[in-house]
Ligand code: GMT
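Here you get one chain, nothing else, as structure tokens; it is the form predicted on its own.
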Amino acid sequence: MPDRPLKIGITCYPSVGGSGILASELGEELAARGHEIHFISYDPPFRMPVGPRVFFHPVVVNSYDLFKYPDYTLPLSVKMAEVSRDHGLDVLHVHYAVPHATAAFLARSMLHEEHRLKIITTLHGTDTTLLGRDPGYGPAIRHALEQSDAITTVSEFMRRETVRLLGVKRPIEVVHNFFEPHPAPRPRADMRRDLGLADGEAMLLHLSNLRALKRVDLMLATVARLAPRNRFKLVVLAGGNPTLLIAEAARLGIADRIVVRERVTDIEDYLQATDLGLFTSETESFCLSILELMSMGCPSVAFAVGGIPEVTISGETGLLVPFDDTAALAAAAESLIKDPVRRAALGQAAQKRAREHFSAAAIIPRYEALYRQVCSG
């Protein structure tokens, strides 16, 4: 296929989460490189770019009395087929297998041969590690993956888990997540002052959708161990309901150490104001949040689970400890709160690693090459 601009459909969950954020950032970078991007979902994706060559096609989900639960897969497949036919899509890139890969397969079967588009499915996490174990989903996921023209995962950990849990025989390419920070519009000092940080207080940051796998209980248990209390505040950028987090912080007597902000889209202000990231997930396919901090020169402390050791190297770009060891995690955080020189050195190394391995310049050409490969094939 000649190196002409491609017409690419992107489907993802529009809620706050790594898959939707990655899909939005990918669309932005591809559009900047001259490709035409068509987002297809029930709502505009979180952080969806606005600009030339970017379009959004809403999927309308009806609630018929005939159905106990509203169906999304069929309306999504119809919209995918419609957009592909009307706009001549070359590739449909679906993020998260359920139900997007199945809907893409149905959409392709609706189209005449001249409109048959190629399908790339990217697996981000629980579509393999949780739903892949479910006998009500696993066989359908496996079939949709086998019908895809290419499969990618965001980490080697995810690739191995997909093979182990789903028995996929097709080649699976690892294409890591990326993050390209925008300039922070507000000065660091102004941001920290607005968050109530006093001089000498370290800002810890956690950003996630607060799902059960993020183990907010362990995060707060870690914070409760930190001493002295007047040396830090934890800022939480909540992509989900923070009610339980706030209640648990009050129960532990650390509510005065916690600042919560909800559904933040322009995160660079917070990233550049942060001294240290804190993450306590029981599993992660990649942990985009750690990369976002690395890209701004900030290290993190976290449990060494899933794909996290592929992102940050313990002792070089951050500190990792075994899962569930909140005492060790608190000690790691305290050591960096008290040692700004080491913290800065880890941050510089983290930023260098992010630019070399997980930047748009490193990752976008790999997606472009994959699109052209499946189209020419």
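Throughout, we count residues from 1 along the sequence that is shown. As the structure is a computational prediction, the values presented were derived from the model and not from experiment.
Omitted here: the form predicted together with the named molecule. The next part is about that form.
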Stretch from 185-193, 272-280, 132-140, 203-211 whose residues place a heavy atom within 4.5 Å of the named molecule in the predicted bound form
203-211
Just give me the single entry in T222, N177, T121, S84 that has a non-hydrogen atom within 4.5 angstroms of the named molecule in the predicted bound form.
N177
By the heavy atom within 4.5 Å rule, which residue out of S295, T126, S148, S77 makes contact with the named molecule in the predicted bound form?
T126
Is there any non-hydrogen atom of S19 lying within 4.5 Å of the named molecule in the predicted bound form?
yes
4.5 angstroms heavy atom contact with the named molecule in the predicted bound form for L288
yes
Wondering, does V154 line up within 4.5 Å of the named molecule in the predicted bound form on heavy atoms?
yes
Taking heavy atoms only, is Y96 within 4.5 angstroms of the named molecule in the predicted bound form?
yes
Contact check, 249-275 vs the named molecule in the predicted bound form, heavy atom within 4.5 Å, ordered by sequence, gives none
